[in-house]
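Read the single chain below, which is given as structure tokens and is the form predicted alone.
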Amino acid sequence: MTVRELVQKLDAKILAGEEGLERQIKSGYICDLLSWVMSHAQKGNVWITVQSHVNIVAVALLTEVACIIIPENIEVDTLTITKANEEGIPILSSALNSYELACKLKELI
């Protein structure tokens, strides 16, 4: 499944990184501690986090996640969106909470 297909199935909003929507998704990962994500997330993960500052883009680049999903319609910093667009990192927004997103991902992937 691609990030683009996931957006449609989750009815998520694309906040940034439209050029990365064809990335393939392999699995999911949920964590808000950036240092932990850096050492445990894997290439192709959908990363769910409540963090919304610019450092999430750097972590996404390092770990090669397919995309970042911000749950509960949490507002994302303008700087974060700008940097994600520059780097081609898809950031999605969802009204669902992290648990609900994880359950949906389990069904879809």
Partner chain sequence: MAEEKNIISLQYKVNGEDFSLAGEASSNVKKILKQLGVNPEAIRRVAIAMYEGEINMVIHAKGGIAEVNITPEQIKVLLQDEGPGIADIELAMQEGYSTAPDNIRELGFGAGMGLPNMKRYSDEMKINSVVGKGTRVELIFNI
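Note that the structure is predicted; figures quoted are calculated from it, not measured. Positions refer to the first chain, counted from 1.
The same protein also has a form predicted together with its partner chain, omitted here; what follows describes it.
A.B. asks: In the model of the complex, does each of S35, H53 and K83 have a heavy atom within 4.5 Å of its partner chain?
C.D. replies: Yes, all three are in contact.
A.B. asks: Under a 4.5 Å heavy atom criterion, is A58 part of the interface with its partner chain in the model of the complex?
C.D. replies: Yes - in the model of the complex, heavy atoms of A58 and its partner chain come within 4.5 Å of each other.
A.B. asks: Please check if E87 has a heavy atom lying within 4.5 Å of any heavy atom of its partner chain in the model of the complex.
C.D. replies: Contact with its partner chain, yes.
A.B. asks: Heavy atoms within 4.5 Å of its partner chain in the model of the complex: does I74 have any?
C.D. replies: It does not: once its partner chain is placed as it appears in the model of the complex, I74 has no heavy atom within 4.5 Å of it.
A.B. asks: For Q42, is any heavy atom within 4.5 Å of its partner chain in the model of the complex, or not?
C.D. replies: Yes, contact at 4.5 Å.
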